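Encoded as structure tokens, the following chain is the form predicted alone, with no partner shown.
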Amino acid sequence: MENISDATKHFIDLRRHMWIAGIEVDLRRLIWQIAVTGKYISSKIQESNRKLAGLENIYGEEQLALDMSSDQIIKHQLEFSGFVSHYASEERDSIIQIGGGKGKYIVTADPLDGSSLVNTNLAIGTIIAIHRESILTGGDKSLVAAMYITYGPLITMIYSAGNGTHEFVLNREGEYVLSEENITLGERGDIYSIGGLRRDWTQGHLDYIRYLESEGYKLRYSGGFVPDINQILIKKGGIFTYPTLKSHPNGKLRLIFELQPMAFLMEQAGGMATDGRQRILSIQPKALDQRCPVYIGSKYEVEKAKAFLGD
């Protein structure tokens, strides 16, 4: 990739960045189209949040409708892209064929991660993975790109096509402009984000968290996977974990829709992602809705988790 000076990088938009990075034409067009789709989802979120109009709070039914609307927006945009043959979403029970099944890519989506946080005005997001082969293979064998869009005080997008992990911000003109190129995590961070009830943790996981606390790590947990991962990337270190629980021995987060794309992005930023023992991107999915525990973030914290969890 050609060097981009600090003085000019903020004027590099997403399309130019992908061109400079040498990403193949069809893939960069698809990434661009998905990024634009984030604008439509953001508008839908604003439209759906009745607090903005001084009306009642969002209820469960409205949150469900917002999830489904986001899914429909993504499907519609992909269907006419010409690049996508199949689409799988956390909102659907099966993989569906789109675009006549002629595109070269398969796209998976968590259309609106953390939608229950809308009425509390916390950040939420969309998670996307782009595959070239069947998604029911290990991430290393099929994933060619991953991205997420964060809907918060700023709309940001982080993507990787195997050429590093990069952040873009949606500006007032509606363009995604480069904010940070080649995000790189430090070997060790100082924050931890953790899901699940303490009473449901295994002993090894409990001991690990006690170690982090003894080391002075700061707890930062919003309840949304996208904003919590985004914080670790932007702060350049730390760990997110949603572990094996006594009530959920296979974890709660979905391997294909959530963990694979985030693991891809984290590894491209110099971090790691495991289920506590093995690398997330090496796990062979057995089902579309397969769930998995996760330890994802800086290398030190992820390796330390493996030591506490044992074999």
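Please read all numbers here as calculations on a predicted model, not as lab measurements. The numbering used is simple: start at 1 and walk along the sequence shown.
What comes next is about the form predicted in complex with 6-O-phosphono-beta-D-fructofuranose (F6P), which is not displayed.
Proximity to 6-O-phosphono-beta-D-fructofuranose (F6P) in the predicted bound form, defined as a heavy atom within 4.5 Å, holds among Ile280, Ile256, Ala35, Leu253 only for Leu253. None of Gly162, Gly223, Gly82, Gly152 but one reaches within 4.5 angstroms of 6-O-phosphono-beta-D-fructofuranose (F6P) in the predicted bound form through a heavy atom, and that residue is Gly223. 6-O-phosphono-beta-D-fructofuranose (F6P) in the predicted bound form comes within 4.5 Å of no heavy atom belonging to Gly189. Although the partner is absent here, Gly237 is not a contact residue: none of its heavy atoms lies within 4.5 angstroms of 6-O-phosphono-beta-D-fructofuranose (F6P) in the predicted bound form. Of the heavy atoms in Gly114, some are within 4.5 Å of 6-O-phosphono-beta-D-fructofuranose (F6P) in the predicted bound form. The candidate stretches are 65 to 73, 266 to 274, 40 to 48, 239 to 247, and the one lying within 4.5 Å of 6-O-phosphono-beta-D-fructofuranose (F6P) in the predicted bound form by heavy atoms is 239 to 247.
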